[in-house]
Structures are given as C-alpha cells and as structure tokens.
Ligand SMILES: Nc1ncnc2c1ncn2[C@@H]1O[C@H](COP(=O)(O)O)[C@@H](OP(=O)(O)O)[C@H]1O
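As structure tokens, one chain now follows by itself in the form predicted on its own.
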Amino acid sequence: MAPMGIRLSPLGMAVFCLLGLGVLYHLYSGFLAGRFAFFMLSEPAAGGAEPPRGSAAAVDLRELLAVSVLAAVRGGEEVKRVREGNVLNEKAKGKTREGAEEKLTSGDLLSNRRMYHLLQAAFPGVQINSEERVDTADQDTVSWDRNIPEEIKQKIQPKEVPAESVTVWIDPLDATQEYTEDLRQYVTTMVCVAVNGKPVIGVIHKPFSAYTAWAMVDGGSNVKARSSYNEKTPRIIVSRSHAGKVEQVARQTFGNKTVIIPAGGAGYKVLALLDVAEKNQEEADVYIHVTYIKKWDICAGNAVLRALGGHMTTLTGEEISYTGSDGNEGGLIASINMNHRALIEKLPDLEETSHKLD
C-alpha cells in the first residue's frame, strides 16, 4: 500500500505565516525602538554641549550657582572696563521716591547684557529679573562651558528644584551713583537665586578688587561671618543719603557711642557684616535701610546672610519675598551673630523714620 501524502490547506498556511510575522514584529519592533531611544538619549548632537543635568523641568542649583558666579565676574569685567576707560556715557533714567536722580551708565547696560544673556543661555526655562531693560534683539553670544569650579564642587552637592519655582535677580551694577563719582570700593555686581520666593543663592562680586563672595543656603559658602561685635559701641552701616536721620534714632537707642558708617551700595553694606579680607572694606555690626529699595539690590545679600545664619528682614521683622513686584516697601535691617528679633524691638522708631524719608 502506497504511503499516504500529507496535504496542507492553503488557508492554514496563510494563518501560520501571519502568526509568525506577528511574533517577529512584536519581538523586533520593541528591540529597535529601545535601541533608537537609547541612542537619542545618550548621544549629544554633533558639536553640541552636554545637556544640563536633570530634566528640562528641573534645574540643578549647584550648576546655577556656578553660572551665577561666572555671570557676576563677567559683568564686573564690563563695569571695570568702562570705568577705567572713562566712557561712562552717564545719563539720568529717572528719580527715586526721595527725589534723588537715578543714573545710568554704559557700565550698567553692558554688564546687564553680559550677565543676562549668559544666565538665559544656560538656563532658558528660568525667570530672570534684572535692574536694566533687556533688549531681546540685542543678543550677546555668551555661553557657559559647563565647567563647575573645584571650590564649588567640594562644598556644594547637586540639588535639583523645579524650574518654575526659580527666580533669578540680577544687579549688573550696584552703587551707580558712587560709580559715577569714582568711589570704586562701593561698586559690586550681584546675582541672586530665589526658590519659591526664598533667597537661596547669593553672589556679590567687587569688580575693582576681583573679590567674590558666594553662598548657598543648606549648601556652603566661600565667606564667613565676623565672630564678634561690641554691644556698647555698635557700628551701623547705612546709605550715605540717610546717615543723618538714622544717626538720630540709633544714638537715642544705643547711646552716643554708636558709630554710624555712611556707605554706598547694598552689596558693599552686606559685605561689611562679614569676614572679608579687603583693605577697602569697612566693618559693621548692623545694616539698616529706612526707605523703599529694589529687590535686585538686596536679594544676593539676603541669601548670603541666610546661608551663614544671619537675617535680613523688613524693619518690622517680616521676611522679604522675592516674587511678585520688584520693590520692597518696608525698609530693611540686617544682622548676623546677633539676636535679630531683640534688635528690631530695640529700634521701634525706624519704621516711622522710614515714612518720613519716603
């Protein structure tokens, strides 16, 4: 009997082939998609810099500190170059609430452009508030090489926060009035980073001595607080234009031995509370400002003081929020290694003085 042949149904063959193709598609499509995704994530664009650490919705505060230090130094280079070249192109940009003329120079504008564009290029998703107007058409080709100085690496750990919680405040030239008078010791460039309105990173740079102080709250710093002060003869640093009025209140409170130090620039005044190895830097125990002041003037100093355990508040002791409007209405009082609350309670007439000067 002849062996029987086996005949396959054409329909069965078709079903078998379709099943096989389905299995192969399932296996290889997942593999190829995974390889493609890995390639896209691991390979930077040709010639491009490595992307910032973290996702696009987050920023690393250590990286932002490094860029802030660089921005303050780069801005300071412009400030110094303009002053030494004596090409200030000085003009008035308005008046303060007290009626004093506010001045604007090429140093302000060129420093602002350099600082703003460097920070904006490094962290495009972060809000930046600057004292001077930024012309978006006037792009400055400033980039960050993603280098973090060793001093910052050693003292600061990476820390990511949501980009939408961050506000950067730039003061491209603090003490413009003194700058025009060639009182160089008072001039600083400053950058501050606030997270949810609280100042957490502060950079204060002195262009004419190349000194830079920086600090990060719950991180580290390259500057220290002075360890002692004399309660019997406290030294109070104030704005040059307010010295007479503040002196009256201070002497009534602390006695006739109180020393009043008139000075320019909020950055300089905060540095006076710290241990700064600068021959042109005066020392003080308390910093008082009794009128309205802009937040880019004080944010960096506030952050540095907070990082070192100090305080900067309004004259009534309220914390200053670095969101919303760009002005602080309540004046300020700053101290370190002192009982800040007791200090405020000891100077009850300062708020009244503030209203008289506004």
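One rule holds for the numbers: they count along the sequence shown, beginning at 1. Only a predicted model underlies this, so the values are computations on that prediction, with no experimental measurement involved.
Although it is not shown, the form predicted together with the named molecule is what the next lines describe.
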Just give me the single entry in 266, 79, 213, 216 that has a non-hydrogen atom within 4.5 angstroms of the named molecule in the predicted bound form. 266
Among 130, 167, 120, 176, which has at least one heavy atom within 4.5 Å of the named molecule in the predicted bound form? 176
For the chain seen here without its partner, which of 197-205, 150-158, 271-279, 258-266 has a heavy atom within 4.5 Å of the named molecule in the predicted bound form? 258-266
Would you check, heavy atoms only and a 4.5 Å threshold, whether residue 182 touches the named molecule in the predicted bound form? no
Is residue 291 close to the named molecule in the predicted bound form, meaning a heavy atom pair under 4.5 Å apart or at it? yes
Exercise: residue 102 in contact with the named molecule in the predicted bound form, heavy atom 4.5 Å: yes
Residue-level question: is residue 241 within 4.5 Å of the named molecule in the predicted bound form, judged on heavy atoms? yes
